[in-house]
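The chain below stands alone and is given as structure tokens, in the form predicted on its own.
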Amino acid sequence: MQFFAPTHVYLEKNCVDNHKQELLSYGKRAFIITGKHSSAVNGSLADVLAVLDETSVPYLIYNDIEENPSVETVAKAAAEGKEFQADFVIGIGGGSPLDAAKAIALLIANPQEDACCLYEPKDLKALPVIAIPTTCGTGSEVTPNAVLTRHAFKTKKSISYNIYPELALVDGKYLASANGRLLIHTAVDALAHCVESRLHAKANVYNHMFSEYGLSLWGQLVPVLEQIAAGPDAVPSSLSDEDLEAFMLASTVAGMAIAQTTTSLPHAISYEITYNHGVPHGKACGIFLAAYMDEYARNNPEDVNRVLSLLGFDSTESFGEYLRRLLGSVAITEEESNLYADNIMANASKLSTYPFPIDREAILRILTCSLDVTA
């Protein structure tokens, strides 16, 4: 067994200001990586800029990170960061800006390399990364992974480097302005992290501490998410500061779980659905969880029952019905289903995360039980 968690994490209200001295200790020229709108709306960007302005730290903002960021976007941003001579990177937002920040930090620190190095394992180090999550699903603030879209291969894949943020500043108040659909999708991503890390070839006693605690936290949020799903255009005003902090805590704990194991087959299959059908990442992962657990139970029903118990469900059927109420459905063709099954069977690294032998027929079962497959 092994355990490794180098990121210094704070989870509290106003933690950017509370820990500004530590934030400022990682460099003298900050490159801020974020999306177009949300960090400006939820106050996270303003909190960071207030700290940098107070101490006259020069900074450059790159706010053109798209959902499921591409290698091309990362390369473009890194070029600007190199010109600015940034010596640390601050990622603000959901998984897309945080993952992009890690890859950008690697490219800036290695100006002799181009973007091809992201998928060529070499002895390269990255600039320090500060992670400030503003959604409740990524876990990227405590994981070493950075998943990018590779248009050349029509898929998403994690880069070949482990880049843990040096510091994670997690504040539930940034969720207050999120719409309900975003909150549902990102929370379900955290759920997928907990389930996949618990039912994983690398799962062990250390990992169980995080995955099972994350599942128990998520189980407490089951009725809250059902309420949100009834009116998903805005987060219900009944959500308290404690609820928002609980969502963030569940997400960060889930990230700690997958940092020890990586994700498994639901994430691998989800990349096909996200890339080819534009389905949001959390939804694309969540729709496969019940069928994945059914497949797993063919070999180890005890572990699946443990997961269900922690979440408060009595069967994978009731769990799947709950997820469909939250997420809706996704339709693909039979031809696409066969193509995606072939692609997964060719992905040896992801197949190795499943602790039992698995064949193409089993992958097809997961696909057809989870999706609306048409001829």
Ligand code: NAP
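A quick note: this is a predicted structure, and the numbers were derived from the prediction, not measured. Residue numbers run from 1 along the displayed sequence.
Another form, the form predicted in complex with this ligand, is not on view; read the next lines as being about it.
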property: Gln260, heavy atom within 4.5 angstroms of this ligand in the predicted bound form; result: no
property: This ligand contact at Gly94 in the predicted bound form, heavy atom, 4.5 Å; result: yes
property: Partner proximity in the predicted bound form: Ala78 to this ligand, non-hydrogen atom cutoff 4.5 Å; result: no
property: Touches this ligand in the predicted bound form: Asn145 (any heavy atom, 4.5 Å); result: yes
property: Contact stretch among 183-191, 210-218, 293-301, 117-125 - heavy atom within 4.5 Å of this ligand in the predicted bound form; result: 183-191
property: Interface residue in the predicted bound form among Ile159, Leu175, Leu265, Val74, criterion: non-hydrogen atom within 4.5 angstroms of this ligand; result: Leu175
property: Residues in 18-48 close to this ligand in the predicted bound form, defined by a heavy atom within 4.5 Å, in order; result: Gly35, Lys36, His37, Ser38, Asn42
